[in-house]
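One chain comes next, on its own, written as structure tokens: the form predicted alone.
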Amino acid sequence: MAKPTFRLHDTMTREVKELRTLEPGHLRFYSCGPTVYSYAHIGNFRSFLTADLVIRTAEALGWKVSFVNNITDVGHLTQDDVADLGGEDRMEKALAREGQRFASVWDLAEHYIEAFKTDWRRLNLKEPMTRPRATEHVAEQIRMIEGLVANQHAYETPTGVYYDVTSFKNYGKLSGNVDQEALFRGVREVVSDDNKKHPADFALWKKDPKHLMQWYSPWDWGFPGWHIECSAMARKYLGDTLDLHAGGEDNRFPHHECEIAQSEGLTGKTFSNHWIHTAFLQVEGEKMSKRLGNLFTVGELVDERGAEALAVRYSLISGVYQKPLNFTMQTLEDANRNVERFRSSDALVAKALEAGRPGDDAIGSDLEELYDASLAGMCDNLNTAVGLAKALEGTRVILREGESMSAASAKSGKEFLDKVNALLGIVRYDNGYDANPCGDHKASHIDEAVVTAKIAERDAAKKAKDFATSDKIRDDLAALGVELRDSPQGTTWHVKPRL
């Protein structure tokens, strides 16, 4: 079968189109990473998972992928819904909030970076080519600002260096804010600076003697603005023009709009040939917020609420990335069951390969067809509904063979599961994360030894045809939040996630 064309929605052109690369078969891809002032929540990870699926799909087509996902550890202020950010630095505010827990803002950053990396691995995301930190690329940012000043896209004031938005005629083209009044609405109320030429001009460099993180520059001591950081890091590692840039829908304006103005204002070249943005995540039909108590992290779902990490991944990729996704208890339970089907298929195939039974390959052609359909779905604007459904259908084909599976069929089954895992990341970990072989989803309030003993007691009751006792044991465990699942291979148990 010929490889399908990889097509993605492009925010700039508002259409689904082929993802073309400057160098054939080599995708240069930048996705905005976290600001490390707190733990990343599952809404953040939905966006990162979109990027992960792009990488996996491209690699399934045989492409080389150079992927950069940055770390913002300075310059991202609390009022970030307009181009010229205002308010407190998110890192400094977090340090004040944390009290005596961290000795410095640098220590705080290190803590949350490590937590982010752990959750990244737990969700089976592929590692980027590099994960640059803004604080380690200040020199590159200063050089970009110098270039923008030199070509009259930027100017210095007593409070900083600002980008002159009127000097860039296409400002607003990504977000569709071509109406200047709509684009600049609210700016005066958020950031007031009489030294700016235009209220919408945004800071590339801020002079603030009270800021905890300072660097010396041609414009005196200060720190970079959030927007210039990504422009500088993307350019250093991927060149003047990217093939693809991604982020959450909240990044579209102002962050990505400002990145375009800065990068294209400096180089005169298109900054990125393709843009994708992931829509917001809801929880049980409501917007995530601390006030509602539904701003979940990966750690909370896995360690405290009994979810399996790969099931969280499955849930977060189950909907089309362009549309809002409603994360619910039911979808997480369904994902748990589906992940278990992949795990059971994997175990069955491994056992059949070891047994080496003679016989023909009864499932190879069906599995090949299903994988091709799954890949075609992913190439069609990351249609995970098709990609996951076809992959799941493959587990039915494998499990239907049961204990009599031949070695030839098992070989095809393994090839299918390996390819599905490379494409979707839902069968087993492939990023080096060392998960508990029984699953990393057992909740701390569950005594595994007790559950194992109860399952053995239940098995004995079933063999004695004492179904009343067998049912009571199942009900007792269910009351503890433990779900039993019977199969020809035996009984497994799972903690039902609690949202």
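Owing to the predicted nature of the structure, the values given are computational and were not obtained by experimental measurement. When you see a residue number, it is the position in the sequence shown, counting from 1.
As for the form predicted together with adenosine monophosphate (AMP), it is not shown, yet the points below apply to it.
Not displayed here, adenosine monophosphate (AMP) is kept clear of residue 57 by more than 4.5 Å at the level of heavy atoms in the predicted complex. The closest non-hydrogen atom of residue 454 lies beyond 4.5 Å of adenosine monophosphate (AMP) in the predicted complex. The closest non-hydrogen atom of residue 378 lies beyond 4.5 Å of adenosine monophosphate (AMP) in the predicted complex. None of the heavy atoms of residue 49 is located within 4.5 Å of adenosine monophosphate (AMP) in the predicted complex. Proximity to adenosine monophosphate (AMP) in the predicted complex, taken as a non-hydrogen atom within 4.5 angstroms, holds for one residue of 225, 247, 425, 265, which is 247. Checking 76, 235, 274, 153 against adenosine monophosphate (AMP) in the predicted complex, a heavy atom within 4.5 Å turns up for just one residue: 76.
Comparing 274-282, 96-104, 131-139, 145-153 against adenosine monophosphate (AMP) in the predicted complex, the single stretch with non-hydrogen atoms within 4.5 angstroms of it is 274-282. Residues are counted as partner-facing when one of their heavy atoms sits within 4.5 Å of adenosine monophosphate (AMP) in the predicted complex; in 26-48 these are 32, 33, 34, 35, 41, 43, 44, 46, 47, 48, in sequence order.
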